[in-house]
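This document starts with one chain, in the form predicted on its own, laid out as structure tokens.
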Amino acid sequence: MRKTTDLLPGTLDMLILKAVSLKPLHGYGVLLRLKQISAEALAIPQGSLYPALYRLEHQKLISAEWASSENNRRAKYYTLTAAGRKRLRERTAGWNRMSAAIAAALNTKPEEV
């Protein structure tokens, strides 16, 4: 399994924005959603997640509201803001361009150079 230390800088924020864009989630729900949508390839430590959530909230990319969780516990639910949607679109486009360029470079055959 990958750990956040294996992620490129800024990738965790992009992944959190993606998870929260799907539906409002509490912190532990974000962990579970990232594990699910990555086919269990990503296991984000709580010690990395919560500072990232705080940072994204401080940057006004996500907003938070207290509500009851599925098990009737008080939990902070995060939703994407308009600025967060814009940042997610920009970062996703940049990621897709960069990953396509890297894939092209790695798939180059000797006869192509």
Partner chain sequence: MGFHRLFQRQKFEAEMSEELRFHLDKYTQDLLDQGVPPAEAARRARLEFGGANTVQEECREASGWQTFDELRRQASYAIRLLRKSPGFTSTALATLAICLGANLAIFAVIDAALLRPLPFPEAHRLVTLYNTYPRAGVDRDGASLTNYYERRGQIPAFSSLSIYRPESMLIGEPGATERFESALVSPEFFATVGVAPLMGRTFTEAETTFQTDHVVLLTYAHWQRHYQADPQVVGRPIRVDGLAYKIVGVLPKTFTFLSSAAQLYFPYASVPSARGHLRRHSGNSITMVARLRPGATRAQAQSQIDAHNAVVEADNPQAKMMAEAGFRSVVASLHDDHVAGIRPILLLLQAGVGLLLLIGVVNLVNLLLVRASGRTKELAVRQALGASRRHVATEVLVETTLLTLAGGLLGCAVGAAGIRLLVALGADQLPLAAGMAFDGRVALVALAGAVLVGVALAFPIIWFTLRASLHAESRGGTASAAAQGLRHAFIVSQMTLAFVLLAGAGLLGQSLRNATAVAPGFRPEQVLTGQLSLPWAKYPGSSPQRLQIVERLGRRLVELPGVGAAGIVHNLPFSGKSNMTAVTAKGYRLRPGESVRGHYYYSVSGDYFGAIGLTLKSGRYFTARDGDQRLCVIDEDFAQRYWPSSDPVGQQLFSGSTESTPDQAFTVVGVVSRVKQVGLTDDTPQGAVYFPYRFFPQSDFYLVARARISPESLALAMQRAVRALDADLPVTDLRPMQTRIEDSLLTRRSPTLLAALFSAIALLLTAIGTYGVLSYAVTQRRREIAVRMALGAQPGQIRHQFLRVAFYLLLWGTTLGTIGAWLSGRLMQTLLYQVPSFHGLTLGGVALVMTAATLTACLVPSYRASRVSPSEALAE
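Numbering follows the first chain given and starts at 1. These figures come from a predicted structure and were not determined experimentally.
The same protein also has a form predicted in complex with its partner chain, omitted here; what follows describes it.
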query: Contact check for Leu80, Lys86 and Trp95 against its partner chain in the predicted bound form, heavy atom at 4.5 Å; finding: no
query: Contact test in the predicted bound form: Gln36 vs its partner chain, heavy atoms, 4.5 Å; finding: no
query: Leu31: touches its partner chain in the predicted bound form, heavy atom cutoff 4.5 angstroms; finding: yes
query: 4.5 Å heavy atom contact, Ala75 and its partner chain in the predicted bound form; finding: yes
query: Non-hydrogen atom contact Arg55 with its partner chain in the predicted bound form at 4.5 angstroms; finding: yes
query: Among 100-108, 7-15, 87-95, 20-28, the region lying within 4.5 Å of its partner chain in the predicted bound form by heavy atom distance; finding: 20-28
